[in-house]
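The chain that follows stands alone, in the form predicted alone, written as structure tokens.
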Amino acid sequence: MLVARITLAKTDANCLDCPIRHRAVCASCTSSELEELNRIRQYRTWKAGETIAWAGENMSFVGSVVTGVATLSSTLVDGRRQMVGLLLPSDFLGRPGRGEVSYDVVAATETTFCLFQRDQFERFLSKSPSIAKELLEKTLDDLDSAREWMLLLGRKTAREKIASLLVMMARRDGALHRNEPGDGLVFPLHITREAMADYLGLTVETVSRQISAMKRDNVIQLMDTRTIRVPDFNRLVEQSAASSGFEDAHHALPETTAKRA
């Protein structure tokens, strides 16, 4: 069995100063729990395009995205490839209790993880109900999002798919900075149009046409190739034909933000 082994590095960063502190699995940790996590956590950065883990490998670590975006992809025996998920800041990689990776994990941008050796994290998890609860909530939210994504792929039009992805990214960026998305919102589009096409089950040409049409209709404005401005956020939501699930599931601002700050 292949084993994904990586070189980790300690940093001087403090957990209390972490940009994902209020959304990561450690969000509800007590001060003593944070101190213990701070002792065992390490950082690792991958450049855009680098593989973090291959499907089928036994991954010796788990952790959360601090900055950047990574993709989850699956490849069929004949070489056909499908992106099945995105890891955005505060998302968790790995499954305690099971080492094998189900998907290829690749850095879409320069991506930094806060990582833990899996055996150390599992021992910590066994005595930390708050971490176990946050991890369960994230898992259930991911399940809800996956079900909504099935609706998106099966029933939404190309324009609705792209608008849904933009709404999700906008809300995640807003939650990360503790801001509710609104008119005039500016957020980074971390993935390429090729990656968007792969993720949404569209062709690159269709993605480009729909983005150009949304720009022409002033639904979005392109500040540059990777930065989006939304003049009217409600209009973008309407374009996504949003249901109550995918665009809102675990992407909204946490109710307990003030308590955790």
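The term rigid core refers to the most C-alpha atoms you can superpose between the two forms while keeping them within 1.5 Å. All values derive from a computational prediction rather than experimental measurement. We number the residues from 1 along the sequence you see.
Keep in mind that the form predicted together with the DNA is missing from the display, and what follows is about it.
- The stretch among 54-62, 25-33, 220-228, 40-48 whose residues place heavy atoms within 4.5 Å of the DNA in the model of the complex is 220-228.
- Out of the listed residues Val66, Val69, Leu202, Leu236, Leu202 is the one that sits within 4.5 Å of the DNA in the model of the complex by at least one heavy atom.
- Every residue in the set Ala158, Glu194 and Ser208 has a non-hydrogen atom no more than 4.5 Å from the DNA in the model of the complex.
- Core-superposed comparison between the shown form and the other one: the C-alpha position of Arg216 differs by no less than 2 Å.
- After superposition on the rigid core, displacement of the C-alpha of Pro129 between the shown form and the other one stays below 2 Å.
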